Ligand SMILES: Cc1cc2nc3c(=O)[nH]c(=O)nc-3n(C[C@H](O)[C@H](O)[C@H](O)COP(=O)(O)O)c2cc1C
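Before any questions on how it binds or moves, here is one chain, the form predicted alone, in structure tokens.
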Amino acid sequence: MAELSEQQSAVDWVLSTTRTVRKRLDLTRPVEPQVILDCLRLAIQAPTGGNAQGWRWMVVTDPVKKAAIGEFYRSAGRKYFAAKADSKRGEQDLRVQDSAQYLMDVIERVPVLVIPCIKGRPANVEQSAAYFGSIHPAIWSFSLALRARGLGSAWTSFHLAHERETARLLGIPEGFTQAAMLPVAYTIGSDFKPAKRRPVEEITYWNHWDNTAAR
């Protein structure tokens, strides 16, 4: 039982302290290729629809290619924030935007950019849940494995506004869809804590919508 308790504690720690990391990515410390491979080795243990395992992982460390992707990323990011410029935002929204804009400014300086790809492309909305459900668990497993090793990441998607250009730049063949992009680096400090969330009892319903009484 003691061993099980230690395992549970370790898993709970990783699950509850894996944050989207932007400002605390260490832009100066190299990331060893073996660390990326170790984390991806764990990631591909995730479930995938039909056990198809259609994922591929594009790891970008070349400075010239990272700079080009950075321009794609900033181009889409600026349009996104311009569209939100007149909307009313709370303090938390403003903090997130400030963090996101920081990442836009330094994206090509992050040591590693990882682009998860998956074979095919969903034909319609109905297929999207199953399709992306075959890659998203692996992406999150990758993020958790990074966290356990003192690295951080951010699940981003701005570059997908230029998916075709990115595919040409990196030689990604037709028939594969880019699902996200994760800037990866060691973190500055490791004192991450659980985020503030609503009590789970308020957002969990039993047998009927809005029924929060477990029975």
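Remember, predicted model here, so these are calculated numbers, not experimental data. When you see a residue number, it is the position in the sequence shown, counting from 1.
The following text describes the form predicted in complex with the named molecule, which does not appear among the structures shown.
> Does the trio K23, F72 and R168 actually contact the named molecule in the predicted bound form, every residue with a heavy atom within 4.5 Å?
Looking in the predicted bound form, the three residues K23, F72 and R168 all stay beyond 4.5 Å of the named molecule (heavy atoms).
> Mind telling me which stretch in 141-149, 97-105, 114-122, 127-135 gets its heavy atoms within 4.5 Å of the named molecule in the predicted bound form?
Stretch with heavy atoms near the partner: 97-105.
> Though only this chain appears here, would T156 touch the named molecule in the predicted bound form if you measure heavy atom gaps against 4.5 Å?
Residue-level check for T156: yes, a contact with the named molecule.
> State yes or no: in the predicted bound form, is some non-hydrogen atom of A195 no more than 4.5 angstroms from a non-hydrogen atom of the named molecule?
Yes.
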